[in-house]
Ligand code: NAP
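One chain comes next, on its own, written out as structure tokens in the form predicted on its own.
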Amino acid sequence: MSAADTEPAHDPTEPILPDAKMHVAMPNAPVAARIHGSRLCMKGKSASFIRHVEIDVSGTPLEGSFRAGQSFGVVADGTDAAGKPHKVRLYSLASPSWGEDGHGRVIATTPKRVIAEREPQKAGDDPSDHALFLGVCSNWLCDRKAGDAVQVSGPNGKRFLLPEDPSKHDYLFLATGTGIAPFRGFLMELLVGPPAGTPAAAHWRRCESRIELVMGSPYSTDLLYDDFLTDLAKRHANFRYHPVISREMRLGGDGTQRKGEYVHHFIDRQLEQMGGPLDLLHSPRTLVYMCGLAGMQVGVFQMLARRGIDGFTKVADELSGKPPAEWTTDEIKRRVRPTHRCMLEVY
């Protein structure tokens, strides 16, 4: 009997993920790169400021080392309140594996400026101090101009990746806010392809699998990469883009105005439609990827359990006798885990 005869067969519903390089440049030894370009990537005027920032890593060990879905580190210039160098901050890659340029020399990310008033965080903080607080790294990164130096590390992450053979699966991508970043890279890899004449172009094949993207946002003006996604959906029949707005009224199927909704509300409503866009959740081919606020994970996991949809989560025995509608947020975070068919990056 051969070794192959004794090895268990691979479950075809589970993805085979590619090997991914990790920590080519360590956080405590970042490499010098340059800003290649920077632009706002929001649909309209908003209270938020989110940019598409491109970084040239050519000539460093990071060149050609990334896979779509990974993240990388940025170390802002200067020192913290204690006089120590700033710590590394991680940002999701918004590029395909071949980068923005097709050679893996230019990568991109989607940083959001953090602008808020101070609030007490610990004992001894002054409750009357409501001065403006600016996040350190994201604001610094958004301020950079083309040609400016930036210290970067990575890559990070080996699970939030597309399968080795994307054609063997269908995809439900769920994003909120800047969680859209990895999905931009995935969609470029699945549907757009590398620039003509680049090394990757010779082997690339467009993916014909079903791809559904649900993008959650407070307001329509906060949508990121909306023009790109809308155009992509027009050009590819196998891809559908579903913006879901939580703080604006929406038009119901009967023509009446209804309250906005969150990602899990939208999915739940779509599942009421036989043959609707999200019926792929009932297919063993489907993989679910979630990136964004942790609240999305809670809502989606609870909705899947309530509807009896298996394959994407593992529920601890402690919850087995409790109705999903009664699960607490803490119980869901602690007792419900994603399977290999569910990739999770939440914060």
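Because the structure is predicted, anything quoted here is derived from the model rather than measured. Residue positions are given as counts along the sequence shown, with the first one as 1.
Beyond what is shown, the protein has a form predicted together with the named molecule; the following relates to that form.
- Heavy atoms of residue 31 never reach within 4.5 Å of the named molecule in the predicted complex, leaving it off the interface.
- A residue is said to contact a partner when one of its heavy atoms sits within 4.5 Å of a partner heavy atom; residue 140 fails this definition for the named molecule in the predicted complex, lying far away.
- Among residues of the shown chain, residue 319 is not one whose heavy atoms approach the named molecule to within 4.5 Å in the predicted complex.
- The named molecule is not shown here, but in the predicted complex it comes within 4.5 Å of a heavy atom of residue 112.
- Of the candidate stretches 211-219, 144-152, 125-133, 228-236, only 211-219 contains residues with a heavy atom within 4.5 Å of the named molecule in the predicted complex.
- The contact with the named molecule in the predicted complex, taken as any heavy atom within 4.5 Å, belongs to 177 out of 177, 194, 157, 104.
- Taken together, the three residues 301, 311 and 333 lack any non-hydrogen atom within 4.5 angstroms of the named molecule in the predicted complex.
- Residue 92 is the sole member of 79-94 found to place a heavy atom within 4.5 Å of the named molecule in the predicted complex.
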